[in-house]
Structures are given as structure tokens and as C-alpha cells.
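Let us start with two forms of the same protein chain, each given on its own as C-alpha cells and named structure 1 and structure 2.
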Structure 1
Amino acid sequence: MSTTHDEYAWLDELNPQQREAVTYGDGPLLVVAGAGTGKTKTLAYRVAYLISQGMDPSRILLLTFTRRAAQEMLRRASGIVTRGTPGTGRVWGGTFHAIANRLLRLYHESAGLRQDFTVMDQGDAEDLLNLIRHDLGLHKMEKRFPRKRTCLSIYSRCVNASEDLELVLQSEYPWCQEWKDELRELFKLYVTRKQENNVLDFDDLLLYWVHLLSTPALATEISGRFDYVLVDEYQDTNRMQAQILGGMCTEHDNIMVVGDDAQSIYRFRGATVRNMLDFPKQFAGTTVLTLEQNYRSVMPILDTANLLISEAEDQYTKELWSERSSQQRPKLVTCKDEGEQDEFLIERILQHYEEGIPLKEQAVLFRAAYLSTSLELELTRHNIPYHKYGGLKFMEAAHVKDLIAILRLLENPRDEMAWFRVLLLMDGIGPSTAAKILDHVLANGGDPQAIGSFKAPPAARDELRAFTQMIEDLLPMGINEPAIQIERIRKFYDSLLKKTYDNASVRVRDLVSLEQIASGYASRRKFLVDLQLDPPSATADLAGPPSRDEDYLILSTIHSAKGCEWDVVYLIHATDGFLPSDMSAGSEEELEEERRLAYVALTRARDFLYVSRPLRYYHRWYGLSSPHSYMQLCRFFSRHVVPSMETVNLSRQQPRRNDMESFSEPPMDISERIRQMWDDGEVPV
């Protein structure tokens, strides 16, 4: 295929390493993309290059970890491809779970599924496990059986890490080892109940995909749909996802994965850095390319980050560099205590704000969410607005889950947890009655309208009648127009919302936002799939980016900050026990991930980086053995790393005066004065 240089002028926008990755030919390719080196751009240009070479877009599979990432890459690629070339609209782009859902709808018969299966979120999966746990009588054991969330975590770890239950309990949940047999029985019944109800949890989406690919004929057919497989954030994949990718390359070996082993920080979700380190072993003949030119940070920040990660045990060696120079080195700040750390942060945040850096371009990062408690109090006292990431997600809110449950049971009348969630909101209906109603519906062919013939308890009749009327209004709509369906559901749900929850007006706004986003969907099924597989974290996500005049400081755990960047980053509580966490220091593998976590925090900063650590901690809620505990500097800031930073020791400066020292008068007995107000039977003016 002959082309002119003008047709490929956009390749000149890439640096030599990016261009080599984008124009790579056939065969397995591992791109080790350091922080801020333009991996999104590289993947987007790779899609555009393949299409410009004549590749059918529908034969390209792009796997990402968020729907937004896939959309952004395809949007960029669409802006590159020339006129007369097929667009990116037919590229199979999305998350692993979304692509799994799409394939399972096509191959549902081979997978032993009905096509109208629904997907449970984590909360519903926990509730179903809890229901079975109750049926087995495990809640009555003399010693407390693991909680439902712990049970789901164990189950998910076994599935995603492809590890036996006994090994998972021994390595990750040793306090649960005595319940091995009971847990195995619980999980067996959990799987059976899901299959009976025609529902899948998130883990099932990948598990069914793996099993489809385990059949040679199906592996040939499914992998034969695609000529090129592209994968983003490969360092965050688990063993099952690596197995899936192997199956998807049955008919070819044209797989390109992009990631950074130095940013592998999701081991608790089952991710393993070994997938990336062992990629050349899984795919023979792999070419490894490294992206090292950083477009985010100034060079002094990269110097510190490079030194910190260079001490990692097992890694792809890389040395990030940048054309952005600066005389400002990262600061390592030692504070007397947590209060002094808060004061320093407030002062520096406001100073940068006065220098023209908006609050939303400044971020305070920490290892665990509770570590920002005292800072939040100080920010409130100084009237500094902030948003904290790591709280309750939008789709975890009870009222949102209630409304979604009604949509789910319309989609799949066998969805037991959706029925229970809705029915238990009504007066006069408990678990026993709810189970009878569900049995009645299933006995009548799974027709939701059958609840109209169920003889309900007197207290439940009015609400059940209203529910039946809503179902009768909605069913003729089929799977179309989800926004109109939500509007009708809200009319029924309004009275339940007001009697069940506080702050009903605030919750109503959430449901209105849900209705608004549903207006962009023609299909109820597509709407449910997108919500369940890539949920918004808040109503702000539904509404779009904040208004231009809205400004607030960012508070975030390091895990939630991955993929983000700010002009100024403050990493707080850089002390052993908090970073690395004393809960994640039991093995070399855990410690290496904690090192990578520190590296991720440092590489979020563009221009200014502050690392602070208090010498003393007083607060009992940290679980310290003494109310006056001294802490050591985070071990990752070693003698090899610290010389690259500017050290500031606030604890040696003039001590702060206690606010009470400014009062010289003797204390008044205010309590006695207040009691005397009532001595004469009336309150004095």
C-alpha cells in the first residue's frame, strides 16, 4: 500500500520510542510506559495507524480498565484518521468486563446462559452470600463466621487470582482458615443460586469468558473475530485476564500491551505484577519497547522518583527524563506532630493559591483515608473547600440501588436480589413474604405482573397494588426508553423514599440525575450494563466536569490518585507504619508494592512536590501502643534518595504557642453562672 508522507504527517507528533511502538508490525509487543510518558497517546495513535493501513476497525480489540479511557483513545484516534478511511466507531473498545458482557450475549448458549442475564454489583453479591450464609445457619455459630464482605473478598480472590481456597486463606485471610469447609460449601451454593437466578457477578463475566476460550473450537471462533488485541494498564491485570489474553491470541499473536510495572499497586484486587514481568515468557518472540520521556513533571521530581524506584527488587529498568527543568527540588518536611503538619499544609496551599495555582490543581495524598481526618478539620476551620476521593460511590447509595433494582427485575424477572431489595421496602413484607412472592412469580412463568394475583398481607396491599400498576405500565415499553421508565418508577418510589431515608430532597436530585443520563440511552439493557460495569463515582460524574468557577482542594488516597496529575502534590504521613502500611509489610512482595505506591504518589506532581512526616503521633485512633509514639521516616526515602530532596525540619524551629497561653485572667466558673440563671425561676436578660 503506497502512501504519501502527508497522509502520515501526524506520526511526526510522536517521539522516536512512541513512533516505534505505533508503527510496530505483527507479533507480541510489550510497551513499558513510565509515568507521564504518553501511553494513552501511543495507544490511540496505534489504533489510528492500524486503520490507516487498511485494517477493518471491527477486527481491532481495545481493552482498558475504564470506559472513559477507551472512549478517550478512540476519540483521539478518530481525529487522526484521514478522510475516506473507516472511522473508529466499529472498534471493539471497552473494559474487560464490558467486552466479556458483549461476548457472553453473543455466545450465551455456549456459555449455558440465557441472553437476558443481569449483572449484580458488589453490594448485591454480598447480600446474596449473606442470604445463603443465613440459610446454612452459619450466623448462629458459636464463633463469629466471616462477614459477608470478607466472604465475597475471599471468593473473588480465589477466582481472579486462580488460586485454591486453602492457599488464599493461608496467605491472605489466616484468621478464616478454620472455616475452610464452610466457606467452600457457601461458595458452591452461591454459584448454584446465581445460575438459578440467571445473574452474574463481576467475577463471573471473566470466568465465563475464560471457560468459553477453554474449548478449542470456541477459542478459534472468538479469537478469529480480531486481528489485533491492544491492552491498556497491563500491570493491573490479574491471572485470569492474562489467561483470557492467551485465549484471544489463539489464531494470531498480534497483541500489544502497555503498562508500567513500577505502578502495579492493586494486589489487593488480585492484580499481579508478574503478568507484566512474565509477558515475554507467555508470548514467545515478544519485543520490549520502553517509553522514558516524561511530559508531566519537572526534572528534579523525576530525579527523586527514579532514585526511589531504582531500589526495587524486580523491574524493567527505566530512567524517566523530561525537557522541563526547574531549580525547585522536592521538599522533605519533618514536623513535630500532626498539628504542625496541618499548619504547614494550610500555609503552603494558600501560598500557592495566591501565586495563581487553583486549589483543584493541588492535591494532598495519603496511604489510607483516615489519615486526612485532622487536616479536614483544619481545612473546614479555614474555609478551604475540598473534595475527598475514596468515600461512598454514587452507585453504592441505597436509594440509587433501590431504583436500579426495579429496572433489573424488569430486565430479568429471575433476579432474586433485585426482587428482595424492592419488596422489603414495603410495609408488611419481610423476607418470608418476599420469598413467597418471588416463588409465585416464578410459578407463573416469571411474569412480574403475576404479583397482582398474590394474596398479600393487609399492611402491604396498597403498596403492592401500586407496584403492580407500575409494572403493568412499564412492561409494554419493552427494553426501550429507560429514561421514561425511570420517570414512571420515581412516581411509585417517591413515597417509599420519603418514609425510608432522611434527606429525601437530596436523594431525589440523585435520581433526577440518573434519569437525565438515561436519556442518552435507547436500551434499558445497555443502560444497566454501563451503570453496573463502569459506574459513576458521584453525581458530578453524571453531570460532567465542574463549572469553571468551582474550585476545591483535592484530598485522595494514593490508590485513587493513580492516573491523575496536579501542579502541586503533598504526600503526607510518610512514616513507617503508615507508608508502608504496617498491614502490608508481611512479605517482600507486599513491601515492593508499597514502594511502588510511594512512586505513584511522587509521579503525580507536575511542578511542586512536598513529602511530610510528623515525628510524634498522639491520637489513639491510629492504634498506637502509646499516646506519644515517635515514628520513623518512610524507609523508601533512604540515604540514597533523600540527597535529591530539600530537607526542611520544622520541629527545630520556634515551638508553637498553645492558644490557651494568651489568656492571663483566672478561669471563670461558667458552669456555675449558667446554673444560676435559673435560680429565680426565669432567665435573666
Structure 2
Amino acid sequence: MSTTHDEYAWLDELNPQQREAVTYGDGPLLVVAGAGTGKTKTLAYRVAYLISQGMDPSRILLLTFTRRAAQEMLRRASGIVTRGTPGTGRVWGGTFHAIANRLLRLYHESAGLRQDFTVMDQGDAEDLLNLIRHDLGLHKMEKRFPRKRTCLSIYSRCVNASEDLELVLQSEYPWCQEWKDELRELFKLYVTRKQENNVLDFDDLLLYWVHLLSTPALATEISGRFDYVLVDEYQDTNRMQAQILGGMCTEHDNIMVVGDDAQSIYRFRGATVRNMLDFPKQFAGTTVLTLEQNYRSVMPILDTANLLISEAEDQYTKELWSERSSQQRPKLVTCKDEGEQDEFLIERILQHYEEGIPLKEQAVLFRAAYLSTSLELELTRHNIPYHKYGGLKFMEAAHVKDLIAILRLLENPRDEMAWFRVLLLMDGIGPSTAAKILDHVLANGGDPQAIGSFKAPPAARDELRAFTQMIEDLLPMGINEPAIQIERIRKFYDSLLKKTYDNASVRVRDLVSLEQIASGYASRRKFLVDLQLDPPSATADLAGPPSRDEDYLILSTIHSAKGCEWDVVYLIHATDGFLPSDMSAGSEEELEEERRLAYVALTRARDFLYVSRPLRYYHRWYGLSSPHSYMQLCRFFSRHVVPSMETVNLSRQQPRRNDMESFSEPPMDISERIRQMWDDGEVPV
């Protein structure tokens, strides 16, 4: 097609290979390309292209790794679609789990589900497994039965990798092999219990989708809803997701996936890069395209990244190259300890800020969420606002979970875990009374108001009465206006919160934030599902895109930095033990995944890259005889890689100068902004 035609002038923003992918006709297409070569951009442009060609947006399915990614791609696509054609609003965009949820609400009857099913997050799933473990008496075994988290990982691994329990135990959890029969029994009961409770865990969402598609008539119906299926980050999908895509292409084979095998970093969750390698086998007639030019990074950064990945066991042939040059090589910074690393970071962040790079264009990356604790304290001390992605989620906080549990039991009165969570907060109610209350509710047709007629122990009466009153106030609202519902719940929950947790005022603020987030939703169900499926790492994350003049530094685990890019990237704690993580240094395969993780971190940077390593680390929680240990440089920065970097040794520079000496104060609006992060204007001390 001619790109000179005005209507398609935007196609000229693409290189010839990208254009070929964007304007590709029907049939399966696999784009294998390195970091920053425009895979995601190509997908976004393809959405725009299809719509401009007159395709119905609601018949396009775009699967991404996070909700943020889907929103961003659709925003991008809507900016370029030809005027006069429909926008991207009706495109089905989201994560596999979110799309599964949407489809299961539509086809719940065929799936044997009630439409009001609720979704359990990982914590709830673990708790339910724990409960059943107790019921089975497995916790009393002489030899220790696997922990609840391990049980869930094993279960999840079997489901996601579509592998038999015996095989999974053999290859991944050999120390649990002796419990094979008990685990099978546990998982069987776990499944029944979820079904009785009308709840699905994350894995179920995909599993039910696979099962729907395995019925030919339903596969025809469901895959017939879409004409085009597009998938980003294909290297990190699991077997079940590949199976789903197969089913979604029953009625057509217009499937386009993009990925980079050198960036596969979710093996631990059952993802397999085989999906990408096997794609041409799974979809006959696949065209394979590659993109070669990196548009993201300056060449010295790519030199270091290329060297690092060239030492991988699996050879990835894509050498990244870019037309963007720079005099500056990536810096490898050796610091005496974490304190010096923090000082260095703050100095550099402010320096780049003063040179005109907003905080939002700078990101500090680390292997594990706890590695930023000390930096966070320093940032707060310096009034530098930041957002953190990955790690402990807002949704994992106990008080947030309590409030969500109340919403969940209103939504689905069979949700046992939600009931237990709330009832056990009340005086005079232990697990056996809670179970009786739940039975009573179920015996009354699942009507939560039935609590009013339950003969409660005297100690529990007042709180149960207040609870019943709240339920009576809320039920008439149905699933509408979740924010008003939360306001009412907060009134009830306030006294429970104060007696259960310390630090109540901070926690109340979280709940107010939750209420504010909910005010953007008309439906309680949609609100709950969004929260459960793609939990915000900070309240700001769900509140929609930040206003344009809001500025904050990004802190992120490397896993959560996937697909993103920033002008400046600081990879911190680049030491063996943290990267590779000593939890993942057991096998060659795990080590290789850690190497790819380092590669992902480096390839996020556009202009400046800093890799820092403290020589000494203070282990806060380990209870070691000496809490300090000396750390080796991350092994992936080998003697072949380091010469491509500029090495800076702060630990030898004596005396150290004051961290702020050479800097003027940052503009005052930073402190103003940090105040704005808290709604009532208070800054945490």
C-alpha cells in the first residue's frame, strides 16, 4: 500500500520491517526482535492500522502483560487512527487474566459458574489452602508438610505449565516428593472448596478459559467474537496461554505475537520461551519477521548490554545497534556501603534533574523490592517524591484487605475467605463460630442479612449487630456506587481497625484513598476485579494517569520494569547474592534467567546508565553473628563486560564530600509535590 497517501502518513514513522508487520495481511505473524526495536510500538500501530482499514475495534483483542501497558498502547493507537474512524475505546485490551474475567462473566453459564464469582488473590489462595491443610490434619504431621506458599506454587506450576504433579515435584520441588499423595488430596479439596465458594484464583481464570475453548461449539462462538488477536511480550507466556491462543484462533488465524527470547524472565511462574520457538509449528503458515534497529538507547549502553548477553548459555543472535551515539559510557560505580550508594544516587538524580531530565524520566531498578528500603528513607528525607512499582502491593496491606473482604462478601456471599477475614476481626468470634455463621448464611439462601438471626455468643453481639446494620444499609445499593459503599463500610470498620492495628491514622488514609479510587467506578464488580487482577503498587497507580505537572522518581523491581524505558536508569545492588539472587542461583537455568534479568535492566536506559554496587551490606533481618558482609560484584559484569563501562570507585575517594555540597537546592516545588501526594497535606515524618 502507498504510504504517501495523507491518511496513512503516520506509517512513515516506521522503518520498512515495522511497516511490513503493521500492514501485514491475514494469517499468523511472529515478530522476534531485541529490546527497544519497536515491538510494542509496532503492535500499537497495527491496532491503529486495522481500525483505519475499517475493522471493527470491538473485534480486536490486544493482550499485554499489565493493564498499564494495554492502556498506554491503546492511547498511542488512538492518537494516530485516521480521523472519521472509530477510536480504540472498544478494543478488547488487557492482560490474559483480565480478558479471561470478562469472557467468563459473559459465558459463566457454560463454564458452570455463577456470574457474581469473585477473584481471590495469591494471599487468599494461600490462606484457603492453609485452612484445608488444617482440615486434613496435615499440619500435625511429624515431618513438616510444605508451607502454604510452597503448596500454592506447586499447584500453580501444575496448572500453568499443564504438567502432572509427579513431574513438577520431580523437577522443581524434589524435597516435597514424599508428600505427593497428600498434595494431590489437598489440591482436590482446594478445587472443590473454590467451586463451593464461587471464587476463582488467578490460575482458574486461565484454566476456565482453556476449558471453554476446548468445547468446539464454544470455541467457535468465543473465537468468532474477534477477527484479530495481538500479543505483546510473548516470551513470557506459559503453556496454558499458548493453548488459549490456539483456541482463540479457531475461526481465523489472524494472530500476531511479538517477543524477545533474550528477555524471558518469568520462567519461575511457569512461562516458557518454547511458546515463541514453537509458534510457527502451532500456527501453520506463520511469517517470521525480525526488527533490527534499536531506537531506545545510545550505542555505548547497547555495547555493554550486548556483551553481557553474549555470555549467555543460549545464544541470542540479535546484536542490538542504534544510530544514537554518545560520548558517555555506562558507569559502574563501586560504593563503600549502601549509605554511600544512596548518597551517590540522590546526588546524580538531582544533577540530572537540574540538567532538565524530569524525575519521571529517571528510574532506580533493583532485583528485589526490599533493596530500596534505605533509599526510600533518604528520598523522603530529601523531599524527593517517588513511586514504587513491584514488591509489596498496596492491596496486600491487612486493613485494605479487610475492607475489600467486606465488599467481596457483599458481591458474593459464598466467598468463605472474605467472611472469615471479616468475622475473625470481631470480639468473641473464633474460627468455629465464624464457620457456623457462614453455614447459617448459606442455609438462608446466601442472604448476608441472615446474620441478624444468628444466635451469637454474648461477647460478639454488639459488633455483629453493627455489622448487620451495615449490611442492611448496603444491600439496597446493589453493585452500584462502590465509593458510597466504602464510605459506609469505613464507618463500621473504624473501631475494628483501631483495636486491631497500630498506626491507625496512616491506615485510615489508605482507606480514604481506596474510596477515592472507587469513585472512578460505577460498578463495584468492575472495581473489585480491577483491584484483584492488576493490583496497584501505589494508590496513584489506579487513580489514572498522573496530572502532567506531577513529577516523581520511579523505583521499580526489574520484573516490573519490563517493556518500560527511561532517560536515566540506575541499577542498584549489582552484587552477587542480590543479582543473581541467592534464591535463584541453584541451577544453571535459574542463573541464566538472572542474566536475562540483568539484560532487561540495562536495556531500559535511553541516555544514561549507572550500575552501582556497595562493597559492604548490612543485613537487617538475618540475625547473623555479624550483620555486615562483603559483597562481590554481580558475576554478569565479567571481565569482558566491565571494560565497556566507565568505572568509578567512590569508596576510595577520601574524604567524601557532603552529598549536597555542589548542588543548589532543588526547586521548591519538589517539596510542594511531595505534600500533594498526601491528600490532606500532611507529610509523613
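Superpose the two forms; the largest set of C-alphas matching within 1.5 Å is the rigid core. Structure 1 provides the reference sequence; residues are numbered from 1 along it. Source: prediction; values computed, not measured.
Looking at the condition given, the form predicted alone, one finds it describes the source of structure 1 alone. For Ser612, the Cα coordinates differ by 2 angstroms or more between structure 1 and structure 2 after the core has been superposed. Superposed on the core, the two forms barely differ at Tyr49: its CA moves less than 2 Å between structure 1 and structure 2. After superposition on the rigid core, the Cα atom of Asp576 is displaced by 2 Å or more between structure 1 and structure 2. On the core-superposed pair, the CA position of Phe366 changes by 5.0 Å between structure 1 and structure 2. Relative displacement of the Glu347 Cα between structure 1 and structure 2 on rigid core alignment is 8.5 Å.
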